[in-house]
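Read on for two forms of one protein chain; each stands alone as structure tokens, with the labels structure 1 and structure 2.
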Structure 1
Amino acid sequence: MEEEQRSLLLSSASQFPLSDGFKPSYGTAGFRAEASVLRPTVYRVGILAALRALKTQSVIGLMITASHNQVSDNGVKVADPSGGMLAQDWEPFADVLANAPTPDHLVRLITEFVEAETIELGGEKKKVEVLVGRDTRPSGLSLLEAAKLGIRSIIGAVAIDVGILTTPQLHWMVRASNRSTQASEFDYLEQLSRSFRCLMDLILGGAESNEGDDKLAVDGANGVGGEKLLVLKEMLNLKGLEIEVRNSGREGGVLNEGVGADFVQKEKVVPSGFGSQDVGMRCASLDGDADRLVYFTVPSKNSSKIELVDGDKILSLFAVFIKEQLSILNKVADGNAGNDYQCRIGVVQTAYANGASTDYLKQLGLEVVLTPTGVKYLHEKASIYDIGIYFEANGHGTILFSEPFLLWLEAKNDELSSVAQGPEQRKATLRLLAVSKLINQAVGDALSAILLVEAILRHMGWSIHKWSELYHDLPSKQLKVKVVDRTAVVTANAETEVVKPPGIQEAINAEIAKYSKGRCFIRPSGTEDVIRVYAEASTQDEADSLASSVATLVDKFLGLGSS
């Protein structure tokens, strides 16, 4: 390493001594912790992002967010050139970098890594860019400065502050920048509104939408998503869809407190700002950085509970729609040639997927695969298909389209535009093309998913109730257990089995055996310092009881000794 580079790193690193007792670890979605300890971590992730940009000679993203976590937490993650998550083989380096005890150690680690990865430092190549975004957390500004300093500590890398964004907006912008297409926030909003209008035109054919069912109330989790949705709503300027945004953050509520997709999905309780006035209405909830979406209804006036329409149901709705378009394409109409492309469609879920959803999707004839929790795993799996639909039950997901399939669709569209036959096939082609532009190809995105849900419901002529009736969820319950060391739990088989500590899986199995349709697993969270417990059974009481008995087991094997 050149002396200039070395002294730049040593002098910046000396401003960020490690926080006492904090051992950062790259989890499900980057580093997350109480914001006050994170400046050294974010500085080091700035360095990592700059190195990644030099290695790939591409634009990289760095997002400062702790998404669904409480407002006092924050976090940082990296978006790769594709707009997806940081390549997993760089995660171990992220861990060691974040834990390097002194500036000298840090420089030594970087020197070794740069050599191993053959990254050219301080070369004559053009400057590389790291786009830095953040959510609305108050700690974001100080962490932004740390990130910028980290990026600037690598000669040849430039930090571009892209301001307050949703996480999916940043991922989208990184992807677009590397594809040399228009990549500003405005371009993102433009693409969403244009493709949504196009889809609605194809669906409604100029007619107005279902009368009386055009209102949607959205809970913005008091985060960045509500604010951005308000801007998008102005751009949509569409008759027949009235979006009312609540908990936009303007009303003074606290981020993710009693609001937001995580709260709604886990607690199944009416969020703040919603209540008896909303009985029967279509409602949706975003999480703190708008990468998750769930729908819900308030069933009756005095109910504190909601009817949840979760990520599994969003996935199912998307799957039904996509399958319908593919079967139209497959039809041989009036002598017109049928489909000449064998489109491979696959669905990706995690162990949290409700058992009823997996059964439903299989009944639709779809290939369903399970991965561990974390968008990085689902996205990777979904990308092997021509159309890969992935969703976590918590509302994080999207639909990926392969380049060869999109090229085929474009060609099919041209071919069908010149023949009188096959107008339905052409419409199906155009609908799929519009969906591929509307739904975020980089990562799960609540704003684009809302628009797709709304368009499909109109296409089907379905109310939220009809949609919710696609299948009946098995009753489920989720709990969190604080333990001494969550890394003591090691899982296998897409997190459905515990391999460490010994004996705990047998004890869980013995509990499961007591319940009809019982299913239960535990796993260490990668975003919070807890063990998560998920249980399913044939009644709610049984699911609650199974979850609580397994939580007691977790406490017994690993806990703080409280029970």
Structure 2
Amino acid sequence: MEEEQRSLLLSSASQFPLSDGFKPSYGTAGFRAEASVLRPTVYRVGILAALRALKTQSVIGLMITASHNQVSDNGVKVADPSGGMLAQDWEPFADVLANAPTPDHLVRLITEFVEAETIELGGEKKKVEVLVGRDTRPSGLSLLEAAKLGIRSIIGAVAIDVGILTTPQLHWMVRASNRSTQASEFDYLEQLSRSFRCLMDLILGGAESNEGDDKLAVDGANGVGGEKLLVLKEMLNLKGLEIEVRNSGREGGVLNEGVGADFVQKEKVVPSGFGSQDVGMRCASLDGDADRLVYFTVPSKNSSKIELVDGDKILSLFAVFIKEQLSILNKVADGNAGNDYQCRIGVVQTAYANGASTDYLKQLGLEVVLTPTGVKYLHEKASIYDIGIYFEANGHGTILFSEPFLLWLEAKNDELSSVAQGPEQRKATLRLLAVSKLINQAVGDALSAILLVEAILRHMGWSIHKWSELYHDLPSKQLKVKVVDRTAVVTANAETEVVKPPGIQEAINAEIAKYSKGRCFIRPSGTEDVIRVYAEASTQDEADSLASSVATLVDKFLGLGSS
């Protein structure tokens, strides 16, 4: 490392001494903690992002957000050139960098890492850019300055402040930048609105309403998503669909407090700003940074409970629609197969997906695979298909289209536009192309997903009630058990089976066998010494009982008194 670079790092690092007792760890959500302790971490992630940009010679993203966490928290994560999450093999370096105790130690780590990764420092190549975004948290501005200083501490890296954005907007902008297409926030909003209008023009029931219900009420979690949805709503300027945004943050509500997708999905109660006036209406809820989406209805005036339509149901709706379009493409006028491209479609879930949803998708004839918990695993698995659909029950997910399949669709559209036959085939082709542009293929995106849900419901002629009736969730229960050492549990088969300690999986199997439609698995938490227990059965009492009995087993094998 040249002396100029070394001096720059030592000088900037000295401004960010580590917070006592705080040992950050980079997970699926990056680093996340109480905002007051995060400045040194965000500064170091700025360095990380700059090094990643130099390594890849691409635009990298840095997002300052704590998503669905309380407003006093904040966090930071890196978006890779694809718009996806930071490459997993860089996560260990992120951890050691964030925990380096002194500026000298920090510089030594960076020196060793750039040599191992053959990263050229010194700025001799063209300058690389890191796009820096943040959500609406008050702490964001201070953390933004720390991130910029970290980025600028690496010679040849430039910090581009792209302002207040949803997390998916930043990921989209990084992806678009590296594909040499227009990549501003306006371009994102324009692409969504244009693709949505195109899809609405192509749907079968375009002139019909969803059983007379054209209104959608959206809970914006008092976060950035509510603000951006208001802007998007103006750009859509659609007749026949009225979007009412509540909890936009303009009314003075507190971010994620009694509102938002995480609150609605976990608590299954009416969020603030909703109530008896909304009985039977189609409602949706975003989380704090707008990468999660769930739908719900208020069933009665006298209850605070909701009927939840979660990520599993959103996935099922998307799968039904896409399967229908592919079926149309497979037909021609004389009834013979007309598809010369064997599209491989896959649905990706985790073990937390309700068993009823998995059964429903398999009954549709779809290939369903499980991955370990975490969006990075779901996204990676979905990318192996021509069309890969993934969603977690919490409402985070998207659809991925392979480049070869999109090229084939474009060619198919050109072919069909020149012949009189196959108008429905051409419409199906155009619908799939519109979906590929409407959905955010970089990451789960509540704004793009909400528009796709609305278009498909209109196409199917379904109310939210009919959608919700696709299948009925099996009753489930989640518990957690404090243990001495969570790493004592080692799992396999997408976290559905315990490999270590010996004997516990056999004991769990014996408990499962006692219950109708019983299913149960355990997995270690990624952040604390607890083991999470998930159970399903044919009744709520049985699910509760199964979860309780397995929690007792975990305590016996691994609990605080087990030693």
Ligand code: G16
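Since the structure is predicted, the reported quantities are computational estimates derived from the model, not experimental observations. Here, residue number means position along structure 1's sequence, counting from 1. What we label the rigid core is the largest C-alpha set whose atoms superpose within 1.5 Å from one form to the other.
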| property | result |
| --- | --- |
| Answer for which single form is the form predicted on its own | 2 |
| Is_shifted residue 504 between structures 1 and 2 (CA, 2 Å cut-off, rigid core) | yes |
| Threshold 2 Å Cα movement between structures 1 and 2 at residue 56, rigid core reference | no |
| Post core alignment: residue 139 C-alpha displaced by 2 Å or more between structures 1 and 2 | no |
| Between structures 1 and 2, how far the Cα of residue 518 shifts once the core is aligned, in Å | 3.8 |
| Core-aligned Cα shift of residue 529 between structures 1 and 2, given in Å | 9.1 |
